[in-house]
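This document opens with one chain alone, in structure tokens, the form predicted alone.
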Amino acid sequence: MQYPPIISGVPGLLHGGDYNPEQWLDQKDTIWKEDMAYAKAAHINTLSIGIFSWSMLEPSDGVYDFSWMDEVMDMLAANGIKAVLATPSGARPPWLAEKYPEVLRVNSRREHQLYGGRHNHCFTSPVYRDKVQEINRRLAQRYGHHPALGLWHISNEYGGDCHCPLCQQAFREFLKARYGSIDALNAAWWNTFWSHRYTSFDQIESPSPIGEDVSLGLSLNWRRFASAQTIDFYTQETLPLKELTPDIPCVTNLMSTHPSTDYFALGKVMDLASWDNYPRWNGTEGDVETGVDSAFRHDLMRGVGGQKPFLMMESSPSSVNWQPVNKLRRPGQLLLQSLQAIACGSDSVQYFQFRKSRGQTEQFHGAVIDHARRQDTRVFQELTQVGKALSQLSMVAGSAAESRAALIFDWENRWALEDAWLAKRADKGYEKTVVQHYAGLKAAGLDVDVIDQTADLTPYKLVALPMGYLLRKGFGKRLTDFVRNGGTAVLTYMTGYVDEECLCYLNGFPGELREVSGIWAEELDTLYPEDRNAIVWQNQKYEAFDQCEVIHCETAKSMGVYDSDFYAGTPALTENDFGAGHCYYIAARTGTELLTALYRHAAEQADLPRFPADVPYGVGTSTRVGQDETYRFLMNYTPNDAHVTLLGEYRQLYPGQGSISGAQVLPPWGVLVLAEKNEGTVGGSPLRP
């Protein structure tokens, strides 16, 4: 699959950063000129502008000043740089909060927030929506046909919720639309419990520590509402842009697995996905976990965007300043971090920030241009190397993933698990568990799409559902049909406990997936942190911890058993032949070692294409498929040389050029990019011998 360029007129990969020229207006004759020289030296072709510029664009209500932005846009065009032009709703000016206090949020304790911070605004407020649409319309009218305009950057890092009277009423309308009647809501939320039956929608308030904060139905639906309200705000914010500049894509920068918004739902209304990537590299073997975790988040964002190329909208070229410990990137890690994004499907490497702020909280955050204003700094030299690499890999732009394995990460399931009164109350470990399964899939040589329960399963041959506690309406049947028709599913403990209203399935867990799994889960044993058990499979013991389900085989066959405790010898790992497919069930939380072995076994059984190289622990792999060529990325996440063996002959794209095959050495943090013709491939990926 080959997609057109994200920015018209820029056929290759994008390289840029968050640019705040308005902070330097009093020195624009020198600083702005210097900025352009730095951008040219670093091979930068895009800059994001206007993200936090509302007070400069509209210094008082209805009074606008675009003169400085005119100069910036003209300057970018003159230097061959495309603008990722932002709408300024991510931080409103003080006059707006002073004149229209309803735009400020109310917290869950019903306390009205003061002006400050960034996202302290009510997504429901008609005043805020009108003011945002007005300034967005003016931006589109003024710059819609400007030669510098490349993309619309919508707001900045949407998140959070508001509990004001406007939001309370909107929440009640949301519930009326979902349930129709108060009796239907009471039944769905099991409100005979604790005598909580409502007689009117007007009695319902959002969850609060000074009110109702333990109702599972209320909590889940408030999260659904807050997410839907954010998505509706995004849709309303983009209306003037879609009307006046229909050919300019709209993107908003997401925050990985941020809990407040269902990004898969938001992704359905975005033109493409973009996100802010801040991995915590530390220069040790621990970076293997960091690399895998970062790759998962890239693949998740690609899934949010419908598996199309996405944008890495922010990353730090050096240390950040907001983590508990802000360690420098080791030499070579910036290139690794950047090319990993490209490997996973990004068509951009962009940084926060372009020039360091002289004051305020981001004055010591990593940047392209340091306070010293020198081009011979280590960071700038490495960043220039990234720019050259992106130019060398320009042919990769527009290529896409064609994975045959999918991993499910679902926001609604996550919300329900977080609220569930079972197992470990404080942290069920859902996100960590999904990442572990991702690590196992990747270690088995598979390319992976990350999807949610609403996704189409037909493109895949293997679907993994870790901790599928809540099954969304229709998903159980779709997954069952997927296996019946020849697919392979991998399920785990704590799956199929509740339906989408958080009501327990009767007649045994895993609920709607009991038939396809062929097992009945009778009990869940939650272990103390120091407790350990093991799963014995193929004469090898694999550690089991945290959660151990006591299960019974019905139509399934036991592959592995528990090693100890009162359920020693009972099934812990099962396989069920169902229709033309197979379903595996892992009854306990285990480490990556067992997951890798199981996914390798399942991949071989399902005849799945695997990455055509033998790689050691610590080397990540990823594949992108273009119109004529397939691109292979190998990335060393370790501080040591890594020895890999290529199972075929390829054209090397980076760091060198020419034919390459056989044994290779990847230096610490090194990246190797290969190409092969697509003829004779299966789904763009040759089957591994």
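So that there is no doubt, residue numbering starts at 1 and follows the sequence shown. This structure is a prediction, so every number in the text was calculated from the model and none was measured.
This protein has a second form, the form predicted in complex with ligand GLA, left out of what is shown; the following refers to that one.
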inquiry  = At 4.5 Å between heavy atoms, only one of the stretches 428 to 436, 270 to 278, 522 to 530, 244 to 252 reaches ligand GLA in the predicted complex; which one is it?
reply    = 270 to 278
remark   = Picking from Phe52, Tyr64, Trp68, Tyr38, the single residue whose non-hydrogen atoms come within 4.5 angstroms of ligand GLA in the predicted complex is Phe52
message = Within 4.5 Å, heavy atoms only, which of His552, His601, Arg478, Arg118 is in contact with ligand GLA in the predicted complex?
response = Arg118
query = Does Glu314 reach ligand GLA in the predicted complex if we count a contact as any heavy atom within 4.5 Å?
reply = yes
query = Glu500 near ligand GLA in the predicted complex, any heavy atom under 4.5 Å?
reply = no
inquiry  = Can you tell me whether Glu362 touches ligand GLA? I mean in the predicted complex, with a 4.5 angstroms heavy atom cut-off.
reply    = yes
task = Using the partner position in the predicted complex, report whether Glu157 sits within 4.5 Å of ligand GLA, counting heavy atoms only.
result = yes
request  = Scan 321 to 354 and write down, in order along the chain, each residue with a heavy atom lying within 4.5 Å of ligand GLA in the predicted complex.
outcome  = Trp322, Phe352
